[in-house]
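First, one chain by itself in structure tokens, the form predicted on its own.
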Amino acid sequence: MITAKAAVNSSRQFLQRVTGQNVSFSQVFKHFMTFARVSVDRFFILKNRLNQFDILISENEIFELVKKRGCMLVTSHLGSFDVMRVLATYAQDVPIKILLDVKHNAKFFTMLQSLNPDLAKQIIDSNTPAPKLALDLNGLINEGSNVGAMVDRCFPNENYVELNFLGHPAQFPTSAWQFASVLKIPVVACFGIYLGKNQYKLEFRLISHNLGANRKERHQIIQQAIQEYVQILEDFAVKYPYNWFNFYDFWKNESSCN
């Protein structure tokens, strides 16, 4: 907090927008501390030391859908996505592959190869040429695997839609949604919420049973699905604000807290 001024400002901006109130130093400190705890936990989680954690899974009809057939699991930098990844490896009845831009996440990928080589093998490089990537994903889905993708951050030159988040326009990438539409598979939002101490909770929300559409309607259907996801993400951000781990100007040009 002393040295990362931009991150502190981004934390304050987010907390002010999510609460609608002025934000104190202690609130920003709690935000940083929550991120620190989850960041330390990930080393133990990625080493499959799950016995150190109390992880609650919301086992409902949506979770049963995820277990029975391949889905696109869309997640975000809210809470711990590592909980979902390792549970998929640990509990063999929920296989998950991770769609990841290896180039932009080189440090994480190197760390993962060191901590858990088997889990690193579940990574699918999103930089793979689109036709081959679509074929690879289709094969995995047909085998019953789920494909997880982070859909709350845009990389340079990535296609996106701009939607309101907490009352201000923000950019959300579209590539994972396009693959889901082409493959005509269910899309489920999932969140690994940190509850404090050693407790986490996995939550699932159904976005669509099938995003398939013809070329003419695809853009509109994808945008509607992303809009629904953004609303779910906003609901979780309001309910669990200290789980929000996007410590940068999420609203791009809107750097001031209005």
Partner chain sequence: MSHALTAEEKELALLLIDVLDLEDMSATDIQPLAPLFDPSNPESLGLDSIDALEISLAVAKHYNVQLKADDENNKSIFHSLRSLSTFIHAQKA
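Worth saying up front: this structure is predicted, and the values here are computed from it rather than measured. Positions refer to the first chain, counted from 1.
The next section is about a form of this same protein that is not shown, the form predicted in complex with the partner chain.
Visitor: Please identify, from 74 to 82, 112 to 120, 160 to 168, 132 to 140, the stretch that has a heavy atom within 4.5 Å of the partner chain in the model of the complex.
Guide: Stretch 132 to 140 is the one.
Visitor: Is Ile222 close enough to the partner chain in the model of the complex to count, meaning some heavy atom within 4.5 Å?
Guide: Yes - in the model of the complex, heavy atoms of Ile222 and the partner chain come within 4.5 Å of each other.
Visitor: For Arg37, is any heavy atom within 4.5 Å of the partner chain in the model of the complex, or not?
Guide: Residue-level check for Arg37: no, no contact with the partner chain.
Visitor: State yes or no: in the model of the complex, is some non-hydrogen atom of Asn105 no more than 4.5 angstroms from a non-hydrogen atom of the partner chain?
Guide: No, Asn105 sits far enough from the partner chain in the model of the complex that none of its heavy atoms falls within 4.5 Å.
Visitor: Is it the case that Val182, even though its partner is missing from this view, gets within 4.5 Å of the partner chain in the model of the complex, heavy atoms only?
Guide: Val182: yes, in contact with the partner chain in the model of the complex.
Visitor: Select from the listed residues Leu65, Ala213, Leu195, Leu56 the one whose heavy atoms reach within 4.5 Å of the partner chain in the model of the complex.
Guide: Checking each option against the partner chain in the model of the complex, the one that comes within 4.5 Å is Ala213.
Visitor: Counting non-hydrogen atoms within 4.5 angstroms of the partner chain in the model of the complex, say which of Lys201, Arg205, Arg218, Arg42 makes the cut.
Guide: If I apply the 4.5 Å criterion carefully, the residue I get is Arg218.
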